[in-house]
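Before any questions on binding or motion, here is one chain by itself as C-alpha cells, the form predicted on its own.
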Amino acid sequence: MKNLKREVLWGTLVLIILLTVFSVYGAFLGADRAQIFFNSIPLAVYWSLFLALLVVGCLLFKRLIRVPALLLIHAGCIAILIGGLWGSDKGQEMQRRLLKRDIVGSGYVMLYEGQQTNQVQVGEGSDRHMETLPFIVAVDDFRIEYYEPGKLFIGVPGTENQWSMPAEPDTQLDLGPKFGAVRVVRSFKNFRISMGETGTRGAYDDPGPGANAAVEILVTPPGNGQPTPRYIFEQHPGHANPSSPLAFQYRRTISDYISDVRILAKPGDPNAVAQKAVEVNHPIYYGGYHFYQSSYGQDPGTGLMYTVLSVTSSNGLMWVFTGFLLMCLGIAWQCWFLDIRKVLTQEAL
C-alpha cells in the first residue's frame, strides 16, 4: 500500500510538471494551434490519466476526504477535468457516436441583415463542412460604431511631407506656401451621388443598407487660388488628382460592432425565444450554445455588410465552473477560514 501511495504521489507530481510545460508551450502556439494541441489524442490520454490519478488519490489518502478543504480542492480539480474532457472535440465526438447526441462543434454563422439560418460552418480547409442547429438564428440588424470624428491623412507621394487633421466639418489645415490649404466640408456614412435633370450631381448620405464612408473637402492651391472640391473614400484610399500633388486617405477607428440577434424555435416563428444586441464580449446564450460577435465583412458587389458570429457549445462548461468554485472555496477554507476560526476561538476564550 505504501509503495502504491508513493507511486501515485510521484505520478501526480510528474503530471503537474508536464501541465506547466504544456501550458507554457501552448501560450506560444496561438489560439488555433493551441486548441488543436490540447485536443489531440496524446493530450486526451494525459487528461484521462490525470483524472484517474486524482480519483485514486482520494481513495488511497483518506485525509483528502476527511478534511473538507482538501476534499473541495481535489473535487474541484476532478470536476474541471471531467468538464474539459466532456466538452472537448474528442468528447463531443464520443457523445455523438455512443450517446447519439446531435451536438454542433464550435464554428461560425455568417448572415446579412434580415437573414436567418440554422447552418453552422465547422472546420477549416478540406475539413470544412456545415452542421445544423436545432433552432434558427436570425440577424435583424448589423451596425459598426466608430470613434468620431475620423481622420484625414494628407501626403505628397515621393516626399516626406505628411499631415493629418480631424475629419470634422469646418476644420481647416494650412499646408504651407507650396501646397495651399485643406478644409473639411462634411462627412458621409454611406456616400451616394444623384444626377439632377440638368446634369448636375448632388452628393448625399444614403440611410439605406450599405456602407461607403467618405469625406468632402475643399483643396485650396497655393497663392489663394480657386478651391477645388474633392471626395475621399475610406474604402479606396490614396486618390490622385493630376492637378494636385496631394494624396489623401480617410480613416475611422472602430469602437464596436453589434448584431441584433433573435433565436427562433422554428423557421418563420414570429416570437423569439431569445434576443439580444450581440457585441464583443457580450454573447447571447440559448440551447447550450454561446453566440459571440466574431467579425464582419462586406460584399464587394453589393456593398452590403454581413456579420460573423462564432458558435461555441457550452457542453461540459457547468462542470468546469463548478470545479473552479469548489477549488476557490477549498483554497479559501484552507488558507483563511481555519485561521480566522482559530483567532475567533481564542478571542472568545
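Numbering starts at 1 and follows the sequence shown. Rigid core here is just the name for the largest C-alpha set that superposes within 1.5 Å across the two forms. Just so you know, these numbers come straight off a predicted model, no measurement behind them.
Keep in mind the form predicted together with a small molecule is missing from the figure; the text below concerns it.
Q) So in the model of the complex, does residue 311 come within 4.5 Å of the small molecule, heavy atom to heavy atom? A) Judged by the heavy-atom cut-off of 4.5 Å, residue 311 is well away from the small molecule in the model of the complex.
Fill in: is_contact(residue 23, the small molecule) in the model of the complex, heavy atom dist at most 4.5 Å
Contact check for residue 23: no, nothing within 4.5 Å of the small molecule in the model of the complex.
Applying a 4.5 Å heavy atom distance criterion, does residue 74 contact the small molecule in the model of the complex? Result yes; residue 74 sits at the interface with the small molecule in the model of the complex.
Non-hydrogen atom contact residue 57 with the small molecule in the model of the complex at 4.5 angstroms: Residue 57 belongs to the contact set for the small molecule.
#### Entry: The unique member of 320, 53, 305, 44 whose heavy atoms fall within 4.5 Å of the small molecule in the model of the complex
Contact residue from the list: 53.
- Item | Candidate from 61, 285, 37, 324 lying within 4.5 Å of the small molecule in the model of the complex - any heavy atom | So the residue touching the small molecule in the model of the complex, by this definition, is 61.
_Using a 4.5 Å heavy atom cut-off, which of 65-73, 311-319, 27-35, 289-297 contacts the small molecule in the model of the complex?_
One stretch meets the cut-off, namely 65-73.
Please determine whether the C-alpha atom of residue 48 is displaced by 2 Å or more between the shown form and the other one following superposition on the rigid core. For residue 48, whose C-alpha is compared between the shown form and the other one after core superposition, the shift is 2 Å or more.
_Threshold 2 Å Cα movement between the shown form and the other one for residue 150, core superposed_ = Not so; residue 150 is displaced by less than 2 Å.
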